[in-house]
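Only one chain comes next, encoded as structure tokens, the form predicted alone.
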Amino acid sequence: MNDSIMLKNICEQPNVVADCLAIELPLSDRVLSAQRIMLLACGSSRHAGLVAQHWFETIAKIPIQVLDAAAWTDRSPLVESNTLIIALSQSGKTKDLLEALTQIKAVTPEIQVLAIVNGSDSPLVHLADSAIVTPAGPEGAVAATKSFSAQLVILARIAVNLAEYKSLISPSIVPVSISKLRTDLKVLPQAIAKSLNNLQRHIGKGVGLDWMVSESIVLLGRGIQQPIALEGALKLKETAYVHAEGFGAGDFCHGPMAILKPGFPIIALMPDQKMRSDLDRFQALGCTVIGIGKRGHECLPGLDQVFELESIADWLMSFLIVLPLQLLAYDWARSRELNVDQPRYLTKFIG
């Protein structure tokens, strides 16, 4: 059944990522020579920024803060002049983001702002010093899916370009193979397409799964997958109206696990040996544990349900891990006969 805009957007992601890999990135020397990055965004865009934070730190070796633009005026963080501001927005019209940038420019007019946005004629593009317009096309559903992946791939490319720029200046700072990173990116659209095709045999058809009767669910991720846990929880909240929470797998054991009871569903993202020991403990408490990871990974067998994905470079697995979460959110909403494309109270952007 493909009569939903959200499902259509989800299925467009292989082509969207391929298109984002093909466009030129207008990255000036001033952008590439920045000493630190501050990324401002809200909602799903902030989650994309939190994934990219790992790339900028580990690949490009550059300090980065990811801040919630909606909380900017409550904090007014210090911004140094050699900082690159990356402003991330699907619509380019988010009021909180525009207000934060206006405040920054008023105090530090020389600051460089790079916008990543899905609409070329938007207030954010006019406010920024330079802009990258993602070729994702209109996203009619309120929940961000293909625009999230578009933002991720642009951020991944910027991280690689920054690494290349820094490696030319000082090779010892960035000891990575730039050609290997670019090869990893080239196979991404095909891996997304294969994963979507396999996943839709089980989810994404609007039929629901047995554990979708629960009113609450927890998503656990470690490291770079923790922001994907946040994103998956957001998708479930805004489409299926489920109380969903994303946690770092380690942090969950420091208090929050007291909410667990028999039948409680837990989604584990890319479980490793350390997480698996906790998952065994949760299963012993009677919880239903759903695992998402690479096909054939040793930590998946024995869980209550498993969704397997294509095997690609670890640094890009977030692109695949988010797919079943998007489809599960769609399925859960459809099983409750909800309007998955236009959730209650929500609009595409907060103006």
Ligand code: M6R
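It should be emphasised that the depicted structure is a prediction, and the values quoted were computed from it without experimental measurement. A residue's number is simply how far along the shown sequence it sits, counting from 1.
What follows is about the form predicted in complex with the named molecule, which we do not show.
Note that among 178-186, 221-229, 249-257, 139-147, the stretch whose heavy atoms approach the named molecule to within 4.5 Å in the predicted bound form is 139-147.
Among S195, S91, T83, T134, the residue placing a heavy atom within 4.5 Å of the named molecule in the predicted bound form is S91. This chain lacks the partner; the member of V242, L155, L234, I104 within 4.5 angstroms of the named molecule in the predicted bound form by a non-hydrogen atom is L234. The closest heavy atom approach of S44 to the named molecule in the predicted bound form falls within 4.5 Å.
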